[in-house]
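First, one chain by itself: the form predicted on its own, in structure tokens.
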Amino acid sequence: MIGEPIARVWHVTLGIGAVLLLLIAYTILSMRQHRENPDDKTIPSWSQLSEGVKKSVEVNQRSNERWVVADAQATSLRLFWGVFWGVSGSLLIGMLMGCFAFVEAFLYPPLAFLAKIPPIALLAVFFVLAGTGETMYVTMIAFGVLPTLAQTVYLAVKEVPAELRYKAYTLGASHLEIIWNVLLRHVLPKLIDAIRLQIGPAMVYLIAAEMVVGDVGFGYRIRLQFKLLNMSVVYPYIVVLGAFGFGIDYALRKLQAFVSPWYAKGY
């Protein structure tokens, strides 16, 4: 039957099986490539990958720091502050648009237009307006996620049944109390879902900018090691990026279950 759930054990088994298939496929591809060219670096063997991981986690003699630690700190801070300001701005703008028709009429057209512009296409503009320092990364991420998240909040407010507002007014609630106790509680879980979907695009914006002008961070390291054809370092970094995004998504799901348990139970 379509949509029928399966047992938890099957969820875990199938997930592990999918990961094993990917590892087996990579192993076969790497072995075939090295049979054709034993010195190949584009698809490293598992021993080459272990050397790349070792190089990433050991203290580098030139910079006196561990690459993966320094890059993770830089990228995570940029991503956090960019998403933080983007979410804060989108929550404010989306709530205002959903609550007040004149704000909706004023802001919806430019937001709908800006949501269609990929921030990567505006890299040069951000370089000119915000320089090439930390402010540029944060500004670009915030700009990239804000229009879409603001529209998500706005639509979520519009979905709140009018009966809930009328009942709250009948009980003597003020405008602010309705926004805080009725509308925001309805919007918050959907906003968290939207943030989960925007983490991937936000990381794309950040990695692209780090590749162009960064001097530290995942994007900078991947670009540098790719130029040197050190794919044994590039591939582990890609895996770390995937694990990084997965960890953020998992934390957001836990946050959603904590702040809106009634919503999470619907899944």
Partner chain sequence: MGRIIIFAVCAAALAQTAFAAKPPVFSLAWSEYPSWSAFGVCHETGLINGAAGKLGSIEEKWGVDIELKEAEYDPCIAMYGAGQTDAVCITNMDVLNASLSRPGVAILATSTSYGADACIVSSAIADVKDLKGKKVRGLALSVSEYCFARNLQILGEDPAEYTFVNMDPGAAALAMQQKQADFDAIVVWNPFVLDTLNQRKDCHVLFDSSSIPNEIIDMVVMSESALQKPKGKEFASAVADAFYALNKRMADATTRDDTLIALGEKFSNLDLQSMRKVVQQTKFYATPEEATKLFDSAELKDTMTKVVDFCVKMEIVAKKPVVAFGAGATGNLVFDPAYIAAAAAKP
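Numbering follows the first chain given and starts at 1. Throughout, rigid core stands for the largest set of C-alpha atoms superposing within 1.5 Å between the two forms. As the structure is a prediction and not an experimental result, all values here were calculated from the model.
The form predicted in complex with the partner chain is left out here; the points below concern that form.
Colleague: Wondering, does residue 128 line up within 4.5 Å of the partner chain in the model of the complex on heavy atoms?
Modeller: Contact with the partner chain, yes.
Colleague: Though only this chain appears here, would residue 215 touch the partner chain in the model of the complex if you measure heavy atom gaps against 4.5 Å?
Modeller: Yes, residue 215 sits close enough to the partner chain in the model of the complex that at least one of its heavy atoms falls within 4.5 Å.
Colleague: Spell out, yes or no, whether the shortest heavy atom distance between residue 229 and the partner chain in the model of the complex is within 4.5 Å.
Modeller: Although the partner chain is absent here, residue 229 would touch it in the model of the complex, with heavy atoms inside 4.5 Å.
Colleague: So, in the model of the complex, is residue 70 in contact with the partner chain at a 4.5 angstroms heavy atom limit?
Modeller: Contact with the partner chain, no.
Colleague: Do all of 13, 26 and 76 end up near the partner chain in the model of the complex, with near meaning a heavy atom within 4.5 Å?
Modeller: Checked in the model of the complex: no contact with the partner chain for any of the three.
Colleague: Which one, 150-158, 130-138, 103-111, 87-95, holds residues whose non-hydrogen atoms are within 4.5 Å of the partner chain in the model of the complex?
Modeller: Careful reading of the contacts points to 130-138.
Colleague: With the partner chain taken in the model of the complex, which residues across 25-63 come within 4.5 angstroms through any non-hydrogen atom?
Modeller: The stretch touches the partner through 33, 37, 39, 40, 41, 42, 60, 61, 62.
Colleague: Does residue 35 shift between the shown form and the other one by 2 angstroms or more at the C-alpha, the core having been superposed?
Modeller: Yes, shifts by 2 Å or more.
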